[in-house]
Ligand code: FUB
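Before any questions on how it binds or moves, here is one chain, the form predicted on its own, in structure tokens.
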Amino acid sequence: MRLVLKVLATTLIITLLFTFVCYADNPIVENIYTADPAAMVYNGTCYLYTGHDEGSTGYVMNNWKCYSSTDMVNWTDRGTPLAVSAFSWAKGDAWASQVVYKDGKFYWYICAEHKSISGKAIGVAVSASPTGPFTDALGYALITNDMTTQTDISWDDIDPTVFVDSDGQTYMYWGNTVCKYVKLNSDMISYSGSINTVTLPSFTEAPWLHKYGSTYYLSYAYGWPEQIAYATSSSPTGPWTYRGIIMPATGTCSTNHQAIIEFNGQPYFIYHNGSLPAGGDYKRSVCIEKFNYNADGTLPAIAQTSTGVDGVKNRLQSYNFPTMFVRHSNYDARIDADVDPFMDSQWQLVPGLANSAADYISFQSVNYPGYYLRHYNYDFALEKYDGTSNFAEDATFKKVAGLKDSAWTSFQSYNFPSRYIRHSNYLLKLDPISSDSEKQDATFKITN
């Protein structure tokens, strides 16, 4: 009995460690690198499907991950329901994918490198559950590179997005350089008619088709580095009217890939960037933002943030210049009056990168996720966290009672404890503090 209990306890611990991931800000998964998000709402739960970046100098991706949430804040890790190895015709590259539900089954549309036909191909797996197990529904690829001749590249058949309309008709869009689509048959694993193309300004890849009200939205990765743009139509097959950019390029990776859903009446925009330590082009992370449609049904500009769905945005108000706040400007740090854009003066106060004990904090830029306030030769700059201990120490500070007014706050350097953050001629410095004016310069109020 003791052995049985020990085994059960060990199994429970492993299960809890494996299944529960809880993050209230961006990125929503921090223990691995995730990319190319797609999401589906089913029975009051949002299921998020992502790629899994495992490389450093290229796209090393062997499987797809699944996460679920009932509030878009707390996410449960559902494991790895599908891998390239499930497709006998595929040899690698678990690139962007999407899962949709129809008639009691869940269909997972993927792209991967084909074993015998040169180039990327699109396949489909099926399951009775949104978390799998999924199996290859065809035993062969639905779309192969020799079927599409609009470009001479081998990676133009990627990034499938599938949309089931209210009348039951299903559409699949995909492509790189050229956007293509077909009407899927009711079996969801075949299509009728020819492969059609859509002309969109600066189309790169990552189409996503969704509907709001009576309007169809086709969003996609635009140009390089990739921004996210969109077009609208009164029909799922166009003609499409280009509407513009909704998310500018990230400073942390060259690609982006979006999903747009509505959950409990709230629209969400899901995307990826390279904001985790050591993140970048080949180590990406999935993030989520709330948004609301404009009154005319157009999409608003959506900023990438470190705070995500419900994280707290802070401002640091100067004690002796109370109309001024700490901001970043061209990666320098200074105090200024209310600024445009306002988000340049917003910070997320996170546990200290070098010491997460109480009162130790680091300042992450809200609108430059992954970038932190760091001192360097006693000056300050906004820099991308590289994961090194040297950076972590430079970017960690202890909150102490305000040197001028104990109701306010001062910030003591972690690795130079005799020095504090202060402003001097409006620029931030790391200085020893002695005079009354220096104490005023080093005193701030944390506001929301």
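All residue numbers refer to positions in the sequence shown, first residue = 1. Just so you know, these numbers come straight off a predicted model, no measurement behind them.
Unshown form predicted in complex with the ligand; subsequent notes refer to it.
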Inset, instruction - Name the single residue among Q346, T255, Q98, T305 that comes within 4.5 Å of the ligand in the predicted bound form, judging by heavy atoms. - result: T255
Legend entry - the ligand: the contacting residue among Y385, Y47, Y59, W408 in the predicted bound form [heavy atom, 4.5 Å]: Y59
Inset, instruction - Report yes if any heavy atom of H272 sits within 4.5 Å of a heavy atom of the ligand in the predicted bound form; otherwise report no. - result: yes
Inset, instruction - With heavy atoms only and a cut-off of 4.5 Å, decide whether A206 touches the ligand in the predicted bound form. - result: yes
Inset, instruction - Answer for A121 alone: is it within 4.5 Å of the ligand in the predicted bound form, judged on heavy atom distances? - result: no
Inset, instruction - Indicate whether I158 is a 4.5 Å heavy atom neighbour of the ligand in the predicted bound form. - result: yes
Inset, instruction - Would you point out which of 231-239, 285-293, 89-97, 349-357 contains residues with a non-hydrogen atom within 4.5 Å of the ligand in the predicted bound form? - result: 89-97
